[in-house]
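Listed next as C-alpha cells is one chain, alone, in the form predicted on its own.
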C-alpha cells in the first residue's frame, strides 16, 4: 500500500518595517494572525508580538552584531521543517525582506523543495529614516537618484570615486558604526566637504536619534553614534531639503489671490 505524501505547508516572508505595530501592513498583520509558526527578528516590538496567536509556535531568531540567536542556516532549516509538516510559517523580518535580509538564500531553499512562498513588503529603514528627518530622498530638479549600499561592504573603496560625484542620495545601511570611515572615504575621493549628511539611529522608534551635519563633520568625528541600535547614514543634497522656487512662487500667488 502506497503511503500518502505529506502535505506541504507554506511560508510567508514578511517585512515588519521599523518593528512597531503602527508601521505594519494589513497584509502582514493578517498573515501573523493566520500563522501556525512565527520566526521573528530582534527588531520586532512587543506591540507586534502581542498580536501573535496564542496557538502559534513562536521562535525568536534575532540576529544582532556579534550575537546570533540562530544562524541563517538554522533559520532556513526551521522554516523548511515546519512547512514540511503542513504548517503556515511566517518569517517576520525587520524592514523589508528584499533589502539586506538574506532573502535569496531563503527563496532558493524553499523553491528547491517546492514549498509555496509569499513575500509581503515592509517599510524599509531607508524610508523610515527619511521620515524621521522630515526630508526627501530625491529632489525633482537636482537629485533624481538613490544609491543604496551596505556600510560594511568590502568594495566601498572601489566605488568611492563614483559615489563622490553621484548626482543623488547615498544611503548606507548598517552605517552607524562606520560613519566616520565612510565620510573619510568619500571626501578623499573628491566629494565636496559641505555635502549634507545625516545619521539616523533606531529609525521609527520612540528612542530614534538623528544627527544632521556635513560629510566633513562626520569625517572629522564630530558626530558619532549615540545608541547601540541600527543606523542609516545618508549623504546628498536632497536631505537638506529642496526649495522649489517655481512651486513656491505659484503657491504664494494663489494664496494672495484668495485674500
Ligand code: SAH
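Owing to the predicted nature of the structure, the values given are computational and were not obtained by experimental measurement. Positions refer to the first chain, counted from 1.
The same protein also has a form predicted in complex with the named molecule, omitted here; what follows describes it.
Contact with the named molecule in the predicted complex holds for all three of 94, 202 and 205, each having a heavy atom within 4.5 Å. Of the residues given (103, 84, 174, 161), 174 alone sits with a heavy atom within 4.5 Å of the named molecule in the predicted complex. Interface residue remark: residue 124 is counted as part of the site for the named molecule in the predicted complex, having a heavy atom within 4.5 Å. In the predicted complex, the named molecule sits within 4.5 Å of a heavy atom belonging to residue 232. Of the heavy atoms in residue 115, none are within 4.5 Å of the named molecule in the predicted complex.
Residue contact with the named molecule in the predicted complex: residue 236 places no heavy atom within 4.5 Å of it. Note on the interface: of 223-231, 26-34, 46-54, 190-198, the segment with non-hydrogen atoms within 4.5 angstroms of the named molecule in the predicted complex is 223-231. Taking the named molecule as positioned in the predicted complex, the only residue of 10-26 that brings a heavy atom within 4.5 Å of it is 18.
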